[in-house]
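For reference, the chain that follows is the form predicted on its own, supplied as structure tokens.
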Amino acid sequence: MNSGFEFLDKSELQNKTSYKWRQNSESTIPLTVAEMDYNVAPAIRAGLHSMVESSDMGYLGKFPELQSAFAGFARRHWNWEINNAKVRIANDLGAAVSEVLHIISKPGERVLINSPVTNFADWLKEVGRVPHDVPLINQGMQYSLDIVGIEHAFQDGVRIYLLCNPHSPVGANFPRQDLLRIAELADKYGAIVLSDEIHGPLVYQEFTPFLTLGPAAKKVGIAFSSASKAFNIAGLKCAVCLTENLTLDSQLDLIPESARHRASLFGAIATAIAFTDCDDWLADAKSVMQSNAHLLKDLLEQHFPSAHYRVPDFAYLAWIDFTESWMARFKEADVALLAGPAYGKGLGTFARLNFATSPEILKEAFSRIK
């Protein structure tokens, strides 16, 4: 691969200091935290090395390079024309959502989510908002939005919708027509849609940013993104958000200036480089992910023939219904997964598995299963 994409071997991974590789014993294979077992793109590493060599480690201030980088990425990949000046910087996506919620909602206000979903309920509780769940519809592991249930929530007075687009952990990239219907309903009922698009760069086929859906979406939407998941730089702490509604944009001016300074200068540099110079690396990473997604299907059929799994539409997080208790077998094998109950009620037989590793490590994990 000419992009510089490389696997890390197990000895290199076990020397890592990130949470994924320190939360269990050294013998554990962790298929858990949303980090990749791949070397960060060479251009990002070179940029960070240059900062260290020049002792460029101060606070993050104005950073137009990141604004133009994200706009350029959106133009190349999604045909989305963005006003660079509207791109706001935050220290991570969850923090950006929290800052926005402090401005546009009140303590105790309900916020619509669609379980099973990553982290959203915890984010809302941390800022004193109340999750109002309209679960996704699951038909044989094919997940879709409950449009009728969402409209009922709007009719019931819910005015904020935290949408996961595309949706993790179930791996669903929602059809354009469903997202357009959400925009129309939000406009009809006076709701605001916060679209978490952190996995957008990792969609295998065509991704639809919410704000590209036309006038209704531009009126009701605030979009959030980051290079953290797509380029394996979560620890550097940087995200972006923007809206094309002038009234909402002026409201976001009320977010304290200190919120931007909490982002990392290293994160801003790395994110700008990722969105500008790492398209080839991303393409190679996605190719490996797709291959691993199908390898996982074969491994599950061999070791857990009753399990239900659909190859995801994006990224590297598999959502699996083992249809039976699975934890004891994985614990005995010293392989760690994330248990389904973290994402909602009634998910005891489900798990999330991170397959962003080498095929050899993925095969070794299942070879341990008895």
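When you see a residue number, it is the position in the sequence shown, counting from 1. As the structure is a computational prediction, the values presented were derived from the model and not from experiment.
FYI, the form predicted together with a small molecule isn't displayed, but the following is about it.
Exactly one of 100, 112, 198, 220 has a non-hydrogen atom within 4.5 Å of the small molecule in the predicted bound form; which residue is it?
Looking at the other structure, the residue within range turns out to be 198.
Among 118, 212, 173, 292, which has any heavy atom within 4.5 Å of the small molecule in the predicted bound form?
In short, 118.
How about residue 266: is it within 4.5 Å of the small molecule in the predicted bound form, going by heavy atoms?
Outside the cut-off, so no.
Distance check, residue 133 to the small molecule in the predicted bound form, heavy atom within 4.5 Å
Contact with the small molecule, no.
Does the small molecule come within 4.5 Å of any heavy atom of residue 93 in the predicted bound form?
Heavy-atom contact with the small molecule at 4.5 Å: present for residue 93.
Report whether the minimum heavy atom distance between residue 123 and the small molecule in the predicted bound form is within 4.5 Å.
Output for residue 123 is yes: heavy atoms within 4.5 Å of the small molecule.
Which one, 274-282, 253-261, 152-160, 85-93, holds residues whose non-hydrogen atoms are within 4.5 Å of the small molecule in the predicted bound form?
It is 85-93 that comes within 4.5 Å of the partner.
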